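First comes one chain, alone, set out as structure tokens in the form predicted on its own.
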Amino acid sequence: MKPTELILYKDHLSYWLRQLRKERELIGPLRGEETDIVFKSVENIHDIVLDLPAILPTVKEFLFPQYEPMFKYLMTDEVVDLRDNTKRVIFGVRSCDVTALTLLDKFFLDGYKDPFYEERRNETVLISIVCGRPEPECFCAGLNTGPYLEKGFDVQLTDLGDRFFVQVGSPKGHSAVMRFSFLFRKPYKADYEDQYEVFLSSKATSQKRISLEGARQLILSGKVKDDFWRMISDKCFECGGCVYQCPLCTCFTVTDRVFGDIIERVRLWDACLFKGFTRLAGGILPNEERYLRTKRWFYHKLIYYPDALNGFGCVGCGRCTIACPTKIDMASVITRLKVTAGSEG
């Protein structure tokens, strides 16, 4: 659908969110301990942080939770479905995360539909905010995954100072906005000009450019040898920071927990970088050497994701750059890969 464009004055924002909260749990960026900003359930609307940094925690956990009870089995032969059908609206999402969720939709919903993810996704409305001040670690602009989007969003806000330029891009977004149409007005020429200035500024500020396609072609050409992955993996101590911060990592494990007469099945985030992730019967570890697991992670992002989902497993959010203490994040590795493969070619 063609986005509907409106203006919302910031004085009306709290009232709008308060009305949405009457029907849905409101998740928003709140200040946590010290200066950290985290996405949490909002009790006080005025606690929402509007002056947001470019890099925020991923909202993936609200669609694909880190710890997710699936069902429990009672000794009376009763099975209780623990599927979460909470209706939510998440405010303050970054454009790169919206892009990531469109790829997660393909992973979880194309072909076999994951019922747990599907329920949450159908009941969640995303209100994203255009990133006006990208950080040095961000490279979304080069991947067209941000700092603003032309499509694929529910509601996209651009901060124009005293007001937001509002774009409505989905039926869910339309419902969240148009039922409170008295709070919005149509844009004037000056609003469009101010919005365009924000877009130009955010693009210009995002200086980092990383070519994932170039790295993909180098790998497919066979120029990237295993010695490169050994060199990279020697610096990795498998903390999982890159994996758990990535909005596109989907690895999980399923386990049963026993509580007296109750057996609960849960799904937990896991990581293909961990040695035991692909353990087979008899304790066989097909990727016991760390360099093979490191190689697999980058192949998954750069080779398998495009082949299966028609998009790279990276949106340039920069979180792995911040999370990795030894600088073997996506941007750094691709830069080294091009230098190494280029010198060998």
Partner chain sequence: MDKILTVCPYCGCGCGLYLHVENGSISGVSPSRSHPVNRGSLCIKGWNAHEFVTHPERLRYPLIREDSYLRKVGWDEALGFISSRLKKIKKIHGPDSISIISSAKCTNEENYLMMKFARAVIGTNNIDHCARLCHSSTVGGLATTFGSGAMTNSISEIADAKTLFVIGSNTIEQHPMVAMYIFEAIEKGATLIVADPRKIRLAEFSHIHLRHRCGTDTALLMGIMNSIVAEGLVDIDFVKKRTENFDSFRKILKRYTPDVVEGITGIHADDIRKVARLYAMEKRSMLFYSMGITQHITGVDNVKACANLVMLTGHIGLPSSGLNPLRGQNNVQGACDMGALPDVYSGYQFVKDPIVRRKFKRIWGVNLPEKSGLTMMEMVEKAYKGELKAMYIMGENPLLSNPYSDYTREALQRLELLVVQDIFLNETAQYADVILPAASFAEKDGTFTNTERRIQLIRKATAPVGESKPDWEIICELSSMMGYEMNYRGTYEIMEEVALLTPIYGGILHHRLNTGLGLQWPCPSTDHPGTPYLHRKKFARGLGTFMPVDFIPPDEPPNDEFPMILTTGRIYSRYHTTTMCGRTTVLEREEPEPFIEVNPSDAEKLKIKNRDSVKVTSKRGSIRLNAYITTTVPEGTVFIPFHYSVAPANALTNPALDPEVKIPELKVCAVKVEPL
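We call the rigid core whatever largest set of C-alpha positions still superposes within 1.5 Å between the two forms. Residue numbers count along the first chain shown, from 1. What you see is a predicted model; the values in this text were computed from it and never measured.
In what follows, reference is made to the form predicted together with the partner chain, a form of this protein that is not presented.
- Partner contacts here mean any heavy atom within 4.5 Å of the partner chain in the model of the complex, and among 161 to 169, 129 to 137, 191 to 199, 212 to 220 they occur only in 129 to 137.
- With a 4.5 Å cutoff on heavy atoms, M75 does not count as touching the partner chain in the model of the complex; it lies far away.
- Using a 4.5 Å cutoff between non-hydrogen atoms, I55 counts as a contact of the partner chain in the model of the complex.
- In the model of the complex, the partner chain stays beyond 4.5 Å of every heavy atom belonging to F182.
- Residue contact check for V258: one or more of its heavy atoms lie within 4.5 Å of the partner chain in the model of the complex.
- Taking a 4.5 Å heavy atom cutoff to the partner chain in the model of the complex, the contact residue among T253, N144, Q207, N122 is T253.
- Though the partner chain is absent from this view, in the model of the complex it lies within 4.5 Å of a heavy atom of just one residue from L292, I27, L309, I303, which is I27.
- Contact with the partner chain in the model of the complex, defined as a heavy atom within 4.5 Å, is made by all three of E34, F62 and L268.
- In this stretch, 203 to 229, not one residue has a heavy atom within 4.5 Å of the partner chain in the model of the complex; the partner itself is omitted from this view.
- Here T35 counts as shifted, since its C-alpha moves by at least 2 Å between the shown form and the other one after the core is aligned.
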